[in-house]
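Below you'll find only one chain, the form predicted alone, shown as structure tokens.
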């Protein structure tokens, strides 16, 4: 059996409760690990709160204490697995900061967790609750970090003060998701460099 996403994202403590660590935090992390594991095995449509609770050895009420529905739980589980990897660096160059973060995203999309993203985006087309959870709990926190990265570039004079940040980010990341969801080939680090150069060159000339 291939290693599960839970193993891939193991925090290093397993199910052992560390001294002084709240039991509720242990339960929350166990729920997130179980969600990723079962999502990988069964997919989103077959995933159930009952199965997650059983796998995490908690009651359903414990799950619902933190998440209102399955969509919110899945979005948080994926977000927590990728949080550290997708933080924006601050190298002093907006191009480098964007390129580094986007390459980390590409690595995730090309790996096992990419199937989760595809399921969330695909399922969200017919499930407003799912796409809303994915947007609010995964996409928007990264978007806020991206805004800060662009603002630093503006303050350093790398980008124009008139920059439309939403348009720039939609162009940068839209190309990544388009290639991931539709073309499914050529999603490489070289592609990231080309996209960043094209967008940054364009906005810098304005």
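This is a predicted model, so every value here is computed, not measured. Residue numbers count along the first chain shown, from 1. Rigid core (definition): largest C-alpha set, two forms, superposition within 1.5 Å.
The following text describes the form predicted in complex with a further copy of the same chain, which does not appear among the structures shown.
Engineer: Whether 118, 163 and 194 jointly form a contact site for a further copy of the same chain in the model of the complex is the question; each needs a heavy atom within 4.5 Å.
Structural biologist: Judged in the model of the complex, 118, 163 and 194 all sit within 4.5 Å of a further copy of the same chain.
Engineer: So which of 56, 159, 146, 63 reaches within 4.5 angstroms of a further copy of the same chain in the model of the complex, heavy atom to heavy atom?
Structural biologist: In short, 159.
Engineer: Though only this chain appears here, would residue 46 touch a further copy of the same chain in the model of the complex if you measure heavy atom gaps against 4.5 Å?
Structural biologist: Yes, contact at 4.5 Å.
Engineer: Any chance residue 109 has a heavy atom within 4.5 Å of a further copy of the same chain in the model of the complex?
Structural biologist: Looking in the model of the complex, residue contacts with a further copy of the same chain do not include residue 109, since no heavy atom lies within 4.5 Å.
Engineer: State yes or no: in the model of the complex, is some non-hydrogen atom of residue 67 no more than 4.5 angstroms from a non-hydrogen atom of a further copy of the same chain?
Structural biologist: Flag for residue 67 set to no.
Engineer: Since only the chain is shown here, I'm wondering whether residue 89 would be in contact with a further copy of the same chain in the model of the complex (any heavy atom pair within 4.5 Å).
Structural biologist: The answer is no: residue 89 has no heavy atom within 4.5 Å of a further copy of the same chain.
Engineer: Would you mind checking 113-134 for residues with a heavy atom within 4.5 Å of a further copy of the same chain in the model of the complex?
Structural biologist: Read in sequence order, the residues that approach a further copy of the same chain (within 4.5 Å, in the model of the complex) are 118, 121, 122, 125, 126, 131, 134.
Engineer: After fitting the rigid core, is the C-alpha of residue 71 off by 2 Å or more between this form and the one not shown?
Structural biologist: Residue 71: C-alpha displaced by 2 Å or more between this form and the one not shown.
Engineer: If I superpose the two forms on their rigid core, does the C-alpha of residue 155 end up displaced by 2 Å or more between this form and the one not shown?
Structural biologist: Moves: no, less than 2 Å.
Engineer: Superposing on the rigid core, is the CA of residue 174 displaced by 2 Å or more between this form and the one not shown?
Structural biologist: Shift at residue 174: below 2 Å after core fit.
Engineer: In the model of the complex, do the Cα atoms of residue 42 and residue 110 sit closer or farther apart than here, given a shift of 3 Å or more?
Structural biologist: It is closer: in the model of the complex, the C-alpha atoms of residue 42 and residue 110 lie at least 3 Å nearer than they do here.
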